[in-house]
Each structure stands twice: as C-alpha cells, then as structure tokens.
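So this first bit is one chain, no partners, the form predicted on its own, shown in structure tokens.
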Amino acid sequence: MLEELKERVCEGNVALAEHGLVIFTWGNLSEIDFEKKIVAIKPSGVSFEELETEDIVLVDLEGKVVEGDKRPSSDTPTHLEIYRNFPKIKSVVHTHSTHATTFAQALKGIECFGTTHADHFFGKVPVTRKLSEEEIVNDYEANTGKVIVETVEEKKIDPLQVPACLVANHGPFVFGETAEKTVENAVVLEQVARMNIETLKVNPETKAIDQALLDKHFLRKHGKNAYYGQG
C-alpha cells in the first residue's frame, strides 16, 4: 500500500511539470494515508525531471521521516497542518504557477467570473492575510499552513468545493481527494487565474458570476444531484 502511495505521489509530481505548473524544483505534491497516518511527499531540492519513486519520502503527521534517505520538502509542515485540520483532504499541491501566483502576490483572491471557474470551484478562491514578522521568523512553514486553515475556516469554505487557497505574497496551495484530482485542480486553477487576468484587461469592472449560474454549473458536476458525464 505504501509503495503504491509513493508511486502515485511520484507520478503526481511529474505531472505538475508536464502541465507546466512547475519548473526546476519550485513546488511539491503530497498524499496522505489517513489509516496509517503516513504522508508521502516530494523530497526537498530534487528536480521534477529527475524524480523517481524511490526518492519519495514518507513522514508521520508530526513530520518525522519513517522511510526515505532524502529530506522531505521544506513545505512539509504546511502540508501536515492542512491534513491535521481537514480530514476530507487526501492530497495537497503547492506550485508557483505564473497566473495563480500573480494573484497571490497582488493579495487578491480569484473571483468567479464565469462557468469555467464555476465548474470546478464553488465561488471565489481566497487569499490569506499576510504573515506577521513573528510568524515568518518562527515556524514559517507551519504558520503558512495555519494561515491557510484560518482562511478556509473564517470564510466557511468546504475545502473540496473550493479546493485551493492563495498564500499572500507566496503562491497557491491546492487540495483534493487523490493526487491525480489535486493535479487537475491545480491545472484548472492556473487556467482560471489566466482567464481572470485577461478578463480584467477587457473590462476592469467585471463582476462575479450570478449565484444562480454558479450554483447550476458547480452542482451539475458535484454533489448528490450531479448529472454531468457518464458516472
């Protein structure tokens, strides 16, 4: 089971590069086995092009390495904070993808302007507050996770209905029920961020989608009454 977990995490990390969401070593993907309380995550500083299944590091929920001869991603404490607080989330992706990171740097959430966004995110993708100097100096990565949790909880967001959060001045963290689905969510997030930037060039006064249209598009794909596709 853990070998399969490592394989999925390796494949997911490689897919981030294949989709153009990461370059060099900029980003990481993890997946958790909640039954075993084990997280598989990309090792720190290893390029996506060179990544192999045996490189994937296994850690427990306190961040202790239980398997692997490499150091886990420096963002591991952020991932663990998310897993400890949101048991629905089984996988986390962090990238510095251009357009989503642009919104994070601008301290702006990604508004839902149209049905492409609504098909995947049930409303605005939020941005966190800025970290304080103390939060940056002491336990920076863990505090990054805490500010994500704070933002999701304060805005009363279901993290699988809006499976992403932008960390102020940093970049996107994306969530899902599997590594594969989380990669898909990260791809879609980058695409809708790009669409938003182009939309605002055409009309800087663009308003959010009507609630009825948002509901229709999201709920026809998700939830008990979903009817889109062949499932």
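Just so it is clear, the structure is predicted and the values come from calculations on it, not from any experiment. Counting begins at 1, following the sequence as shown.
Omitted from view is the form predicted in complex with another copy of the chain, to which the following refers.
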Problem set entry | Interface stretch in the predicted bound form with another copy of the chain - options 158 to 166, 44 to 52, 29 to 37, 59 to 67, non-hydrogen atom within 4.5 Å | 44 to 52
Problem set entry | Contact test in the predicted bound form: Asn85 vs another copy of the chain, heavy atoms, 4.5 Å | no
Problem set entry | is_contact(Gly114, another copy of the chain) in the predicted bound form, heavy atom dist at most 4.5 Å | yes
Exercise. Any of the heavy atoms of Phe103 lying within 4.5 Å of another copy of the chain in the predicted bound form?
Worked result: yes
Exercise. Should Ile209 be classed as touching another copy of the chain in the predicted bound form when contacts are defined as heavy atoms within 4.5 Å?
Worked result: yes
For this session: Pull the contact list for 7 to 26: residues with a heavy atom within 4.5 Å of another copy of the chain in the predicted bound form, in sequence order.
Result: His19, Ile23, Phe24, Thr25, Trp26
